[in-house]
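Let's start with one chain on its own, the form predicted alone, as structure tokens.
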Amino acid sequence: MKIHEADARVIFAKYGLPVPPSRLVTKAAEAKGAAEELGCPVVVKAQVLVGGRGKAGGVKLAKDPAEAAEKAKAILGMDIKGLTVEKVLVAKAVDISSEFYVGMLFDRVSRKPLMMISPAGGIDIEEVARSTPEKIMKVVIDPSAGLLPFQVRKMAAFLTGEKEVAKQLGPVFRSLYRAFMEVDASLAEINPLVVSPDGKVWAIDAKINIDDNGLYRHVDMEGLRDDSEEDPGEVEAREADLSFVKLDGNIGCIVNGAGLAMATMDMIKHYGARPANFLDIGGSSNPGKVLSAMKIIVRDKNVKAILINIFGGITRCDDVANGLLQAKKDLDLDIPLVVRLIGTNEEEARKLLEGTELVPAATMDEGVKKAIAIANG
């Protein structure tokens, strides 16, 4: 779950990170009042769940309250990567003498939390990794021991040679690690973490992604989700208990099991095509889930063929077949369906689908090839 910067700042402040004061507003007049309350200069920042806000003109400096209202008026209603700006953050501006990047994520190799830092803050960390990888330090943290003092000293020395600044970095590292772990985040980053001319450290940006699997422990945070800025298909999939990620290809995929879903997408890529989505219906045999999955996929106008790849263990192939027949009837589908059903009750499933327009496939390889051929058709 992605949350807005304004909400991430509240979490950061709760854990003691040095976040400048700010106010969230939805009208230009409110921005003026916020600037008067905070004291100028202020930064007016678009609140949308995408990166590149600054490059799109969604982050502006205002020297007085009147200018804050003017900047807010210009940003509100702006389209940034397909999202309309409906609220802006007015934050106390900080003079900058140097910028760092500090982020937390999980390292898939060690299967442990990892802190990544760089003295090249203020720009995309992906660009830093690509062009100047020597400017990035990665520190794996053992959760049983936590962030250790020698790791803190090592990272502080990597970022700065100024003793007073280094002293402030230690608490920042520890607080970010604690916030990351305690809110069940999948990502937490400050970009940039800045040093002002008077030598003080400030977190002037905040980003947190919460792991959906940990939300049951944070019922209060569920309200931070902004469905209006998520893909409608992903919202619908979550409500139907489906795992769905929209991609940019033209082969729709309905699969049971994340591993099989990934293998299916890999095979589509292997044969030179591109999947339109990741969609895992899980182990349930409920025909209604198949119908929900089909509704989500057919909404994508790029989809030219749909591959249903089911390996029935807990999932019953005949239930999936019934779901497909119901979807064919209810949705008046005109997109070709390639179906590979194997496992529990596969014979019953084949009988149900006999005489229909659905294209059968005996193996995953055959199913992928048929779907691609139809899509290219």
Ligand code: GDP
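A residue's number is simply how far along the shown sequence it sits, counting from 1. Quick caveat, the model's predicted, so the values are computed rather than measured.
The same protein has a further form, the form predicted in complex with the named molecule, not shown here; the description that follows concerns it.
Novice: Quick check for you: of 233-241, 213-221, 163-171, 93-101, which stretch puts a non-hydrogen atom within 4.5 Å of the named molecule in the predicted bound form?
Specialist: In the other structure, the partner sits against 93-101.
Novice: Of the residues L38, V59, L325, A28, which one places a heavy atom within 4.5 Å of the named molecule in the predicted bound form?
Specialist: If I apply the 4.5 Å criterion carefully, the residue I get is V59.
Novice: If the cut-off is 4.5 angstroms on heavy atoms, which of these, P113, P287, G257, G122, is the one near the named molecule in the predicted bound form?
Specialist: If I apply the 4.5 Å criterion carefully, the residue I get is G122.
Novice: Would K45 show up as a contact with the named molecule in the predicted bound form if we use heavy atoms at 4.5 Å?
Specialist: Looking in the predicted bound form, residue contacts with the named molecule include K45, since a heavy atom lies within 4.5 Å.
Novice: In the predicted bound form, does S186 come within 4.5 Å of the named molecule, counting heavy atoms only?
Specialist: Result no; S186 lies far from the named molecule in the predicted bound form.
Novice: Under a 4.5 Å heavy atom criterion, is R350 part of the interface with the named molecule in the predicted bound form?
Specialist: R350: no contact with the named molecule in the predicted bound form.
Novice: Contact between G249 and the named molecule in the predicted bound form at 4.5 Å, heavy atoms?
Specialist: G249: no, not in contact with the named molecule in the predicted bound form.
Novice: Pick out the residues of 185-221 whose heavy atoms come within 4.5 Å of the named molecule in the predicted bound form.
Specialist: If the 4.5 Å heavy-atom criterion is applied to the named molecule in the predicted bound form, 185-221 yields N191, P192, I204, D205.
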